[in-house]
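First comes one chain, alone, set out as structure tokens in the form predicted alone.
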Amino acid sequence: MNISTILDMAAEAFGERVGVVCGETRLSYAELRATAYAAAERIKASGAAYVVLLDVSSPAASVAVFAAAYAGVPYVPINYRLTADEINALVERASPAYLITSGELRDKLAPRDDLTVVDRADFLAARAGEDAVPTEVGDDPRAVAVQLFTSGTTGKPKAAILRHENLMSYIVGTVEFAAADEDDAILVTVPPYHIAGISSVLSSTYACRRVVQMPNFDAAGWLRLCRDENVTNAFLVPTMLARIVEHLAATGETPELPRLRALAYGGGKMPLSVIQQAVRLFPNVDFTNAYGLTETSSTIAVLGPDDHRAALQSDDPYVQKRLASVGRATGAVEIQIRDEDDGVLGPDQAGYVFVRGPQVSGEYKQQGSQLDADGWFPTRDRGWLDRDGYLFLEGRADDVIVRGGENISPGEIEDVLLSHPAVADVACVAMPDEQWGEAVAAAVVLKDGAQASADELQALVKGQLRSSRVPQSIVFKDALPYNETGKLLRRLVRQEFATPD
């Protein structure tokens, strides 16, 4: 099944319902499909093998993903925040292309004979007639629907492949068609080149829920847009929710969002103090933590509203701790924890996270499939499952600190440091050590007006964990480096400690 079926179903069931809102632009599902139809014909006429989007969030992102599907070519959104050289290197790997862009972003593109560059406004201007149907819409479920470049933090970005069957499995397995009321609206702040940006388009269209796009996030603007558009649902990365909490604390405002009833977050580690404050600030909102990866077509585990309430209200420390988890596997996938020898581990045993299910692609363009013989994908995340199947993440496998042959998870140390009332944020990384090979180092951000010494924080860790976990060096920072999707850039933190004392 082709993902264009999602838009066909929405347009035929609720064609007049508004599907996408961005600024003054509002497109109904019928208009969205007519625009995608027209774009698909131009894409096919260009001879392009890819549809590339180099732009901020706008209705063009929603149109492009469906237009590519109608045209039978992969959709390739590119990170517009990259340098010109980085952007052109990725464009070269997705050519010949029909490329949509706007404004100054166009100036980053090097001339290419195999590139048809179209301005966003022109891309959105043409619409097919009411009876128009694109010819020969592909129905091969194994065809490539989306190609997403990884962040490339440790080398050349890999091109993750998502096929139509992967994305349709995720949507059909997690979303009920037309489940949204006509007045429902979701505010999306993640960029279009992130898997959450793509999945929000697909899942909201399938649910027939209006998508409100916010190209550039700021806390005050988010609150205002929520109110003005009567937003009922929202998705944020943890750093964005933290900014909203900080804004409300600094201004003393009480959020007046009577329509907001559900807020999902994901894409990075959520500090326990932030989610606790958010729940207090938005007492009538259901919170959901969604964990997923590009290679899994988005969400594979969910900590739902009932889980949040149970953890906050429980007197059992084992249950309370689940607020720091990413929840349990969705019904569409299985999750397994393995050791370094591929042995399956039991409850509360930390190891490597594996996932299996029809929505899991686990495939890269050059490297091929990474699935094992039984269909399991190695996420490269470390973590454990508790006795009831709640998944706790320790971080990426590459982030493990190896001290004298002992593997140390930065997450367990960070959790202890975050329990200090003065600590707002922290990142633990490996630093060179002549005796042990690597030692623990920590970059700490203190709350406004709060104080804590390195000795005090080291004593806190020593009191709760083994001495090998005590940070050998602690630096205090005004802020930690995150990317726009809320992922901590540990490589930049490691540079702080690159040279041993």
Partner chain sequence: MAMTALKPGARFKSAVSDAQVMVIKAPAGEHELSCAGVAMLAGADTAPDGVQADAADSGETLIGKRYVNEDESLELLCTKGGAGTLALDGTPLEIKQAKQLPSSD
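Residue numbers count along the first chain shown, from 1. Because the structure is a prediction, the values reported are computed rather than measured.
Another form, the form predicted together with its partner chain, is not on view; read the next lines as being about it.
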(request) Name the residue from Q213, T296, S199, N79 that puts a heavy atom within 4.5 Å of its partner chain in the model of the complex. (result) S199
(message) So its partner chain isn't shown here. In the model of the complex, which residue out of G221, G404, P258, G331 has a non-hydrogen atom within 4.5 Å of it?
(response) G331
(message) At 4.5 Å between heavy atoms, is Y390 in contact with its partner chain in the model of the complex?
(response) no
(message) Please tell me whether any heavy atom belonging to A13 falls inside 4.5 Å of a heavy atom of its partner chain, as the geometry stands in the model of the complex.
(response) yes
(message) Against its partner chain in the model of the complex, would F354 count as a contact residue? Criterion: heavy atoms within 4.5 Å.
(response) no
(message) So, G375 and its partner chain: in the model of the complex, are they within 4.5 Å at any heavy atom pair?
(response) no
(request) Pick the stretch from 109 to 117, 275 to 283, 175 to 183, 379 to 387 whose residues have a heavy atom within 4.5 Å of its partner chain in the model of the complex. (result) 175 to 183
(message) Residue by residue through 275 to 304, which ones have a non-hydrogen atom no more than 4.5 angstroms from its partner chain in the model of the complex?
(response) T288, A290, S298, T299, V302, G304
